[in-house]
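Quick heads-up: it's one chain on its own, the form predicted alone, in structure tokens.
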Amino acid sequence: MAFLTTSSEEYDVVVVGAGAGGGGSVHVLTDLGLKVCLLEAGPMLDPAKEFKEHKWFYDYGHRGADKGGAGYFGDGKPYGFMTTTSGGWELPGEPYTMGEGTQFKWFRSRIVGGRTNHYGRMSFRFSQLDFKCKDIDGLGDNWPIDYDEISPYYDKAEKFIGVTGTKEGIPSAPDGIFETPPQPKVHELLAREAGKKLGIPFIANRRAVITSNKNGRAACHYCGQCGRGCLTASAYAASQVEVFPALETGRLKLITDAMCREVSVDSSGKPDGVIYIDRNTRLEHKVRAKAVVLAASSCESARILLNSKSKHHPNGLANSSGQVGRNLMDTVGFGLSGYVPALEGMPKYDTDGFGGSHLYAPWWGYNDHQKLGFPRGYHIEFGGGFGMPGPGSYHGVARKAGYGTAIKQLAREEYGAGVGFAGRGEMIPNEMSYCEIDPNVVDQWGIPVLKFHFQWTDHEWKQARHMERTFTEIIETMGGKVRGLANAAREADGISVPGSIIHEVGTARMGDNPKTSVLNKYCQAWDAKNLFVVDGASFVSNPDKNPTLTISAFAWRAAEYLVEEAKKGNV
């Protein structure tokens, strides 16, 4: 680095990360009149260029197989060429390392909006059972907050973002403020009937997709391609729904391609800004601010805090408890695919919908853990129908059918008869799962990288085996047969590769005691009152619910609290 330049302007708040937590923060902070600077490690998002929402495979010379057919060899874009993923598991010049015996995959998104541009948009509220989990089975820790405290912020997030669903009164899956959900598809109706026989409730899916016009966003037009990005912003993305409107207020300064190295502190040890490196010029800069909000993703925020060392914070900023980087969790995953003869040769109809299943099954065994033999639980996501064929869709048909017309006949017969079920379950934090700074490795900008340590325990393995039995029962009750793993690359060992579900949380958990936690219940650091962490790092546990809606709710609450405390002179 040639030199350090410092911004002449001091902002009220500097936010790091433009995903769900960062996008939600800048939306609320600018709406309340604050002057904010937002730092994003990737480039600006241009939906017209990045989103392939209405493109066909034949629009590209490689017909969706990626350049040089990379998709066939596992070297293409994560989740396929047509998706809007920006980033990936392995980024040039941005390594991470693993301890002995550890397998961990860390997905880094590098673009305004982050993962919200392409994620599944499953949006489930945590329940009182989740927030006070230790009271039930004695494992892990309770959150320093209960459901009634965060419920108003779930309301705010749902009203603003838009989430589909129906009111069901299920204790493990609190009801919310819902958009009207789309109707179930045929294979979903079969699964629901099978679920009734097995005591498994399949209900309307809760997804961050609007089905009515909202805040200038058009209702979903059911093209079924949410993973490619949504030009109409009908499917929620922090970029289109929060960051872009915040820019229009004139109170937000967005700096892209900013690799954040550390939170800077003044002579008293109080955070006074963020130091970042411009990815293009490789020059080092400092943004001055009265308060700092980290929302760079759970592990990236932990990395920034651990790298923010000074004489005041020798073990890293906000780390007097030694808990930064600890309590790392991911979602437990396992899935099976099946074939249902009853769906063979079915008259073709439009199953696109809103790009994913219109039904899901919330955890139903919350009163049966003594009998089940494992704690906590999982929800079920599943898919099927007449999805758009792409590279590899009919892999194996030629081997079974032979040549010529027989191949076409078999492909048409089997089209739409496949189903897949996936469990997404709770991991309980353990001492073997954490991240730390590798003392010997830096990235291409000279920033020390993370080293991961991770282990599933018997709790998670037993849960995955229950998933396997359950999905087998559902498929067979539908009259089908199990074909094999839904994702062999991820679940070949009988449980998902750690990190691969991309729900990593818990590296700077909140709590009631500064000696055992990093943040208070407002996502505010115990060691620095003007520092907040509003991504999944704050999580105390990792319930079976996807984390994004809860990140949005806590970010909203933290932003409002920050403003009120600033008015009182406490930040």
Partner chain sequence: MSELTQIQPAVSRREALRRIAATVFAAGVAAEMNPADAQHVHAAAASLKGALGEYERKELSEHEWKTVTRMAELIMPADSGGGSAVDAGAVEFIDLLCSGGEPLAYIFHGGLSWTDAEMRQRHSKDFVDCSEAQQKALFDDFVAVERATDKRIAASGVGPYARFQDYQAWDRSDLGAGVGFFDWMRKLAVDAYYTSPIGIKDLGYVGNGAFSSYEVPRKAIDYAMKRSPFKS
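The structure displayed is predicted, hence computed values, not measured ones. Residue numbers count along the first chain shown, from 1.
Although not depicted, the form predicted in complex with its partner chain is the subject of the following passage.
Taking the partner from the other structure, its partner chain in the predicted complex has a heavy atom within 4.5 Å of a heavy atom of Y72. Though the partner is left out of this view, R412 does reach within 4.5 Å of its partner chain in the predicted complex, counting heavy atoms only.
In the predicted complex, its partner chain sits beyond 4.5 Å of every heavy atom of F124. Contact check for G479: a non-hydrogen atom falls within 4.5 Å of its partner chain in the predicted complex. Contact with its partner chain in the predicted complex, defined as a heavy atom within 4.5 Å, holds for exactly one of G373, G322, P95, G390, namely G390.
Contact with its partner chain in the predicted complex, judged by any heavy atom within 4.5 Å, is made by just one of G199, G138, G250, P347: P347.
Stretch 190-198 is the contacting one of 111-119, 190-198, 98-106, 267-275, since its residues have non-hydrogen atoms within 4.5 Å of its partner chain in the predicted complex. When contacts are defined as a non-hydrogen atom within 4.5 Å, all of C223, R465 and G484 contact its partner chain in the predicted complex. Interface residues of 22-55, taken as those with a heavy atom within 4.5 Å of its partner chain in the predicted complex (partner not displayed): H54, K55, in sequence order.
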